[in-house]
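Just the one chain here, the form predicted on its own, laid out as structure tokens.
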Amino acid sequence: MDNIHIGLLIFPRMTQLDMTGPFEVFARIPNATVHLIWKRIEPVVCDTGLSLQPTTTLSGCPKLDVICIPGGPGQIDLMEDADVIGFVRRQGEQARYVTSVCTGALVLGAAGLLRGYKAATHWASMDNLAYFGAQAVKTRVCIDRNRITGGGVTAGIDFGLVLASKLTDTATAEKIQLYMEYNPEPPFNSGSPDSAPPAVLAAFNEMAKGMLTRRKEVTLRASKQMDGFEKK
């Protein structure tokens, strides 16, 4: 079996579980090399303070079979980062699978890679997908041709296992799932806006209001930029 190159973009103020969840799966795929990609080889600090070390740079990254973009607050700036968007477009145009977790889908959108595709993202940012010509789907893992997008944060593990099964086979993915003992039984029924108590949902919306407003503003600008470079 040929070596499989999987690239995960990392960046300041990302939500680390968006990346580390699928990384745990990908790193256990036989013959897979997983690259952690950023502009420079220096620690990247996530939104909760955890530092992660890139293994390659945008310019040094090899041709990828899989490109994956995680999300988090820092994703907002990426939508207007010409270096990142150019890298994502170039890799996405030739990758076997173009993927994301959480609001990383909006970076794929800003790179023009989701127009005409169904996609998932974090529930609080689902409406942003339409600005990039994507059809939002409320699901843990959305598959549309070679675009595979995960929902919010913990959906990255589900996404990783689905992609592992496509890169190898179901038995291999099941073995990885068993090793990880991925058999969730959440202690509370508040993991979705549909089931969370109204007071919990209201508190989240108030806490995230500033970030969500800025994400929408940047999404609108990035969508106009996307229209521009797609006409070139």
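Because the structure is predicted, anything quoted here is derived from the model rather than measured. Numbers follow the displayed sequence, beginning with 1.
What comes next is about the form predicted in complex with another copy of the chain, which does not appear here.
Contact with another copy of the chain in the predicted complex holds for none of W38, I85 and D127, as no heavy atom of theirs lies within 4.5 Å. Although the partner is absent here, E42 is not a contact residue: none of its heavy atoms lies within 4.5 angstroms of another copy of the chain in the predicted complex. Using a 4.5 angstroms limit between non-hydrogen atoms, P193 touches another copy of the chain in the predicted complex. A residue is said to contact a partner when one of its heavy atoms sits within 4.5 Å of a partner heavy atom; M19 meets this definition for another copy of the chain in the predicted complex. The closest non-hydrogen atom of V153 lies within 4.5 Å of another copy of the chain in the predicted complex. Remark: of stretches 75-83, 89-97, 153-161, 106-114, the one touching another copy of the chain in the predicted complex is 153-161 (heavy atom within 4.5 Å). In sequence order, L36, D47, T48, L50, S51 are the residues of 33-51 having a heavy atom within 4.5 Å of another copy of the chain in the predicted complex; the partner itself is omitted from this view.
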